[in-house]
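What follows are structure tokens for two forms of the same protein chain, given separately as structure 1 and structure 2.
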Structure 1
Amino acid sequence: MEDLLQYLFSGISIGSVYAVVAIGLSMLYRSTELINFAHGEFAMFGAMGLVTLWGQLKLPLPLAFVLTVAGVSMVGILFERFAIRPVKDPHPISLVIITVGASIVFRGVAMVVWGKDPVAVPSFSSHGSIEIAGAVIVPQSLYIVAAALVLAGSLHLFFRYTLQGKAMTACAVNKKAAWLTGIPSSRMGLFAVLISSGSGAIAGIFIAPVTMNTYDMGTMLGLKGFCAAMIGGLGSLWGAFAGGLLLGILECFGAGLISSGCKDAIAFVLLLLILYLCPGGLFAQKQADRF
């Protein structure tokens, strides 16, 4: 019984990270119809940035946080400007290969900068862990869940209530019409990239204290984020959130009850099932046939 509760808590915690990654992917897709295979690398940069700025340079945590997010967003914008926008014929196959290429470049750069060995940072606070009915919760888990909720909540408010957010939704619904009403869709694209890479960085920052930070940690994070986004329906904010949680929980139960080795396989099996059976996501009213 304690075990099950423990799996649930761990699942919610790791699921929140997937949720944040998924939100980044999903929001980019919503505004630009681009799937960024290099998205996980933004999370990796986030974690690595924190390791350097907070763990090694000993900057205050809030400053390190802001600098890391700003830095990663900068990378995101450069990436959009120099790798995505110049593509003359934005066919999905070309974009898949370009973003996969970018992910390898990012990974290679990280390997050169941070080396091949895992690096660690301490938890954000030194509070002891909490025990509920025999299951242990480390404080970092709570921070992760809180971060995911705050991010999703503020994006929700942003899309609902600000002019910029509404304009982005309009762009997502119909590019041509948005263009006709004078919404500059290229600026919207840039903004979407900003949100996407920024939230990627946040995912990395919050997961850094509870994981082995390596140059190649982004691949799995990105793929699982994609899986989560697919579960929730690509382009949906709360869908991505729910998808992340669901994936995290399933994974932890799978790892606990079946074997820890097959933990990663769960996400991919789920991904394939979703792609085959309901590509519009679990919560979609009707099957979407975008492609």
Structure 2
Amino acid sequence: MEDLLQYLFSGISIGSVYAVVAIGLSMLYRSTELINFAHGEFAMFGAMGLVTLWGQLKLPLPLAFVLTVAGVSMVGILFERFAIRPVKDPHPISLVIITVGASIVFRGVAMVVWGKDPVAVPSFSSHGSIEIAGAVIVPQSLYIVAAALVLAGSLHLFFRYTLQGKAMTACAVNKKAAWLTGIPSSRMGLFAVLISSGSGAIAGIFIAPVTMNTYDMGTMLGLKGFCAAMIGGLGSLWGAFAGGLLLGILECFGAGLISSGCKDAIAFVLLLLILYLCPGGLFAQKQADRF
């Protein structure tokens, strides 16, 4: 029983990591209908930025947090301005190829700047592990869960109750109609990428203390985040949160009860199964619009 509880705690921790990444992906798709396969690299930049500013330069954690998010957001602005906006025919396939190419460029830049050796940073809290019924959970995992909840809740309120959020949703539904009503679609797209890249940086910051950080860590994070977003329903913020938790829990139970070798395969098998049984994800599109 202790082992099962430990698998559950570990699954919630890992699933929250996937959820934070998935929320940024879903937010961008909800606003622009763009699937950004470079989103994992924004999380990588967040983690490596924290390593540099907090772990090596010894800046205070709040200052390092703000500077890292601001820096990664600027990378997102440059990405949108020079890679996405100049496309004359923004066909979904063309944009996907551009984001894949951008992820390769970002990894190359990160390898030059930070090298290939993995680096680590200490936990945000000096408290020891928490034991519940024989199972152990580290405080950093609670921070990740809280970050996923706060991020999903904040973006949910932003889209539902702010004029800016409603304008971004309108641009995603019908860009031409939104433009005719006076909504600057290009500005909304830039703002969406800005928020998405910032959320990716936040994901990387909270992930950094629980993993070894490398220049290529964003590849698997992006893929798992995409799987979580698709499982929950692409475009649904709470669906992305639920999909991340489900994916993380099933991965940990699969690794613990079956074999650790099938851990990464579980994500893609689960994705295929969900898409076969429910093509819109756990939350169908009509439901996703309400979340």
Partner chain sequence: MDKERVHNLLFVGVVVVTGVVVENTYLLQVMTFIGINTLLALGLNMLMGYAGQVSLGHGAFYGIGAYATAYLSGTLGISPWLALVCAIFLAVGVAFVVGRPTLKLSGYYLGMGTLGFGMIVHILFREAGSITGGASGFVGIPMLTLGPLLFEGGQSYFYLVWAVVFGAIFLCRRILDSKTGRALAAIHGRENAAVALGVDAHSLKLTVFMFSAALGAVAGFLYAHFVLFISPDSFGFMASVKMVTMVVIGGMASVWGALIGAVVITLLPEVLHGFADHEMIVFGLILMGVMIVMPQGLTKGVMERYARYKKRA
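It should be emphasised that the depicted structure is a prediction, and the values quoted were computed from it without experimental measurement. Quick note, the numbers are simply positions in structure 1, starting from 1. In this text, rigid core is short for the largest set of C-alphas that superpose within 1.5 Å between two forms.
Between the two copies of this chain, it is structure 1 that is the form predicted together with its partner chain. Shown in the overlay between structures 1 and 2, fitted on the rigid core, is a CA shift at residue 12 smaller than 2 Å. The rigid core superposition between structures 1 and 2 gives a CA shift for residue 277 of 4.1 Å.
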